[in-house]
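Starting off, we have a lone chain in the form predicted on its own, written out as C-alpha cells.
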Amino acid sequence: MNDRTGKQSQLFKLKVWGRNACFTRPEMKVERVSYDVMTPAAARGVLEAILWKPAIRWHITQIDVLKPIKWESVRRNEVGAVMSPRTSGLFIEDERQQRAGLLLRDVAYNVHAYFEMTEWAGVVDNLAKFEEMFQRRARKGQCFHRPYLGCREFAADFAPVNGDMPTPIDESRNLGWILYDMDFSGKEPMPRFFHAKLEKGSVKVPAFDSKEVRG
C-alpha cells in the first residue's frame, strides 16, 4: 500500500487505551455526546503527540476497536465564558454551568497509520530518520504532551504493536457519517466527514482526498 520508493513511510500500528473517551459529535451543540469509535482526527492527534515535525504529515488507514463499546453518562461543571485579556477577571461561580455528557468507557484501539514527507522537509530529512524516531519514542513512552482520547481530561496510554496483533471485537454495524478531520487548505478550517462502517471490529479509513470524504 505504501510507496516505499517515494515519500511514504512504512505502516505503523499503535495500541491506544484509556479509562474514558469522548470523540464529540459536532452536531450536539451544548451537551457532549461521543461518537461510537475513535475518529481519524483523534488518532492523528495521538500520533502527533508522540512525533510531529513540519517535515511529516500523518495519515490514518484503519482503526480497530479492541473492547466492547460501553457508555457512561456524567454531569460536569463547566465554565460558560471565556475570559478576555481586556477584562479585569472572571468570577467562576457566576459562569458555572452544569452539563451532561455521554462518554465512552474503558476503550482500547489499534491505530494503523503512516506518514509522508511534506514540502517542509529539509535536505537532512528522510523516511528512515523519522521512522526510527517514532519507533523509539513510542517504545519508550515519550511524547511532546500527554496524548488524550477526544478531550484533554481523558489521558491515553499507548504502546507500539509488534508481533501478534490484538484481536478486534466481533461486531459489525453502520456508524453513519463521522468527522474525519479538519481541512486547513482554505481560508477557514472546515470539517470533513466520511461514512464509517464497523466491520468485524475494524473501521477502514479512506484517503483524505478521496470521493468518500465530503465537507
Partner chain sequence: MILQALTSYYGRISAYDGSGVAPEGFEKKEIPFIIVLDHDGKFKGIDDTRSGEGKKKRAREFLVPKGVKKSVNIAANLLWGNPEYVLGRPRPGTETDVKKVEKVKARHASFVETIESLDVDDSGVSAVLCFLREDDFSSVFSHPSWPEIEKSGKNDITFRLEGDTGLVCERNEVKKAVASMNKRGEDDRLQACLVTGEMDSPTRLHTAIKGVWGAQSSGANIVSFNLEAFNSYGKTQGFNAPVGKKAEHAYTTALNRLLGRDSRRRIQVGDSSTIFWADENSVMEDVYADLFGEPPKENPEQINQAIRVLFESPRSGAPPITEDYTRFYVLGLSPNASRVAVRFWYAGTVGEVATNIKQYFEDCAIVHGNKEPEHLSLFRLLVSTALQRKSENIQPNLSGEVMKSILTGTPYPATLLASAVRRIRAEREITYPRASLVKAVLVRNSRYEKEVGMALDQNNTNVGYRLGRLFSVLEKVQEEASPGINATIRDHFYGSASSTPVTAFPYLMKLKNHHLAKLENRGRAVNLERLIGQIVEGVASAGFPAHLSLQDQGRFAVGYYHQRQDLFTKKSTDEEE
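Residue numbers count along the first chain shown, from 1. Every value quoted in this text rests on a predicted model; they were computed, and no experiment measured them.
The same protein also exists as the form predicted together with the partner chain; that form is not shown, yet it is the one meant from here on.
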property	result
The partner chain contact at residue 122 in the predicted bound form, heavy atom, 4.5 Å	no
Residue 71, heavy atom within 4.5 angstroms of the partner chain in the predicted bound form	yes
Any non-hydrogen atom of residue 31 within 4.5 angstroms of the partner chain in the predicted bound form	yes
Residue contact check: residue 79 to the partner chain in the predicted bound form, 4.5 Å heavy atom	yes
Stretch in contact in the predicted bound form with the partner chain, which is absent here, among 49 to 57, 183 to 191, 146 to 154, 162 to 170 (heavy atoms within 4.5 Å)	183 to 191
